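A lone chain, given as C-alpha cells: the form predicted alone.
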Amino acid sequence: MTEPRELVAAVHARLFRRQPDFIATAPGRVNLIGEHTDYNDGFVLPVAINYYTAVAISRRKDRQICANAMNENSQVILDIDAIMEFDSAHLWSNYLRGVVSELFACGYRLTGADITIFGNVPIGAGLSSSAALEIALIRALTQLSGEPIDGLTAARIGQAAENNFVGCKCGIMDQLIAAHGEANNALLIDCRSLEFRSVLLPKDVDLLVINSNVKRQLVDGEYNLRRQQCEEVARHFSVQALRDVNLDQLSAAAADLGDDDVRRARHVITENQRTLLMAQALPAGDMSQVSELMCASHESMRRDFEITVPAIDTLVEIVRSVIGDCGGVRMTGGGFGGCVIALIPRSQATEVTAEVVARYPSLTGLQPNVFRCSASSGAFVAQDD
C-alpha cells in the first residue's frame, strides 16, 4: 500500500523545487454500528482507518494557492482573497475552495501556499475520502498560517465546507472521527451534544471493509424519504428527534402512525440501543455479543429501514458462514449499495477474504473490493525532515 506522506513529500519537492514546510495527514473512516441515527440526534461508533489523505504545503509570498491533486493529475490556482466559486471542471478543488471559504468566515487569515495532495482512501467505497481531504487541508492551511485549531472546530468547518459549498448535506461524524480518531479505538459520538469517548477494540481483531460495487440508484430520494419519515414520527410525539422516543411509546402510538413510519422509527430507536451496547461489548472482548448486535443491526436495516440490497445481503451471509459468532458483519453507510463492515478475528481475515472473492462474483455477477483495515489515529501535522 502506497504511503501517502512519503509520496506527497517527494512529488511536492519535485513540483515546487523545495521541501514542504509541513505535511498534514487525515484518515478515512468506517462506521462499526449506528446507521441513520446521526440526523436523529443519536449515537454512532466510527473508527478511523489506516488509509489516509496527505497534504504537503509550503508558504508563498503572494496571496495565491497553487494546488496539485496527484490522484486526479490536476492543478488549480486560486486567489484566496477572491470570492470562491464552484468549479465544475475540477470537482476535487471544491473541497479546497469550500474549506478556504469557511476558514475565512470563521476569522482565519491564512496565507498563500503551494499544495500537493495525495490519498489512498478508496474513492466511492464509503470510507469518507472527502472528510479526510477536508480535515487534512484545514490542518495544513492553519498550521502554515500559525493559527491553532482544535479538532472539533476543524470538524465543524469541514462539515460546513461540504454542506455549504460542495452541496452534500452530511452530518459531522466523518469529519469528527478524521480529526479525533485513536489507534486501536473506536469513537462513541453523541450526535446531539457532540461529546465523544474512546472505545477500546479487542486485540487481534481486524476490520474488513468489503465494497459490493453495486451501482446505487435513487439514493438521494430514498435517503431524504427516510429522513422525512423519521422527522414525521418525532413531530407526532412533539420531541426534537427520535432520540427522545422509546419503544413503548412507539408501540402505543402505532395505530396513529403509518406502518412504514413505525418501522423506520423502530430501526432508529433500536439502533441507538445497539450502538450503546456495542460500546460496552467491545472493550470487554465479548465477540459473541458483538456478533449478535451487528447481525441485529443488519436485519433492522433490511426489514425495518429497507436500505439493503440483495448483493449486500449476500456479502453478509458469505462472511457469516465463515466467522459464525466469533465476529460481526453488517452493512455500513447510507444503504442501497456500498460496503459491508466485518469485525473478525485476525486469524480468519485471509479465509474470509478468499471466500468472498471466490463466491460473491458467481452469486451476484459483481466483483468485490476487500480492504483490510486497522483502527488508526486521527489527523496530525508534521514538519518535513
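Residue positions are given as counts along the sequence shown, with the first one as 1. Between two forms, the rigid core is defined as the largest C-alpha subset superposing within 1.5 Å. Fair warning: this is a prediction, and the values are worked out from it, not measured in the lab.
What comes next is about the form predicted together with ligand GLA, which does not appear here.
Q: Report the residue, out of Phe237, Tyr223, Trp92, Phe104, that has at least one non-hydrogen atom within 4.5 angstroms of ligand GLA in the predicted bound form.
A: Checked against the cut-off, the match is Tyr223.
Q: Only one of Ile269, Ile172, Ile157, Ala279 has a non-hydrogen atom within 4.5 angstroms of ligand GLA in the predicted bound form; which is it?
A: Filtering the options by heavy-atom distance leaves Ile172.
Q: Any of the heavy atoms of Gly327 lying within 4.5 Å of ligand GLA in the predicted bound form?
A: Output for Gly327 is no: heavy atoms all beyond 4.5 Å of ligand GLA.
Q: Does Arg320 reach ligand GLA in the predicted bound form if we count a contact as any heavy atom within 4.5 Å?
A: Judged by the heavy-atom cut-off of 4.5 Å, Arg320 is well away from ligand GLA in the predicted bound form.
Q: Mark Gly334 yes when one of its heavy atoms lies within 4.5 Å of a heavy atom of ligand GLA in the predicted bound form, and no otherwise.
A: Yes, Gly334 is a contact residue.
Q: Can any non-hydrogen atom of Pro27 be found within 4.5 angstroms of ligand GLA in the predicted bound form?
A: Answer no; every heavy atom of Pro27 is more than 4.5 Å from ligand GLA in the predicted bound form.
Q: Taking 4.5 angstroms as the heavy atom distance cut-off, pick the stretch from 355-363, 36-44, 342-350, 57-65 that is near ligand GLA in the predicted bound form.
A: Going through the listed ranges, the match is 36-44.
Q: Taking the rigid core as the superposition reference, indicate whether the CA of His267 shifts 2 angstroms or more between this form and the one not shown.
A: His267: C-alpha displaced by 2 Å or more between this form and the one not shown.
Q: Quick check: Phe43 between this form and the one not shown - does its CA shift reach 2 Å or more after fitting the rigid core?
A: No, the C-alpha moves less than 2 Å.
Q: Superposing on the rigid core, is the CA of Phe305 displaced by 2 Å or more between this form and the one not shown?
A: Phe305: C-alpha displaced by 2 Å or more between this form and the one not shown.
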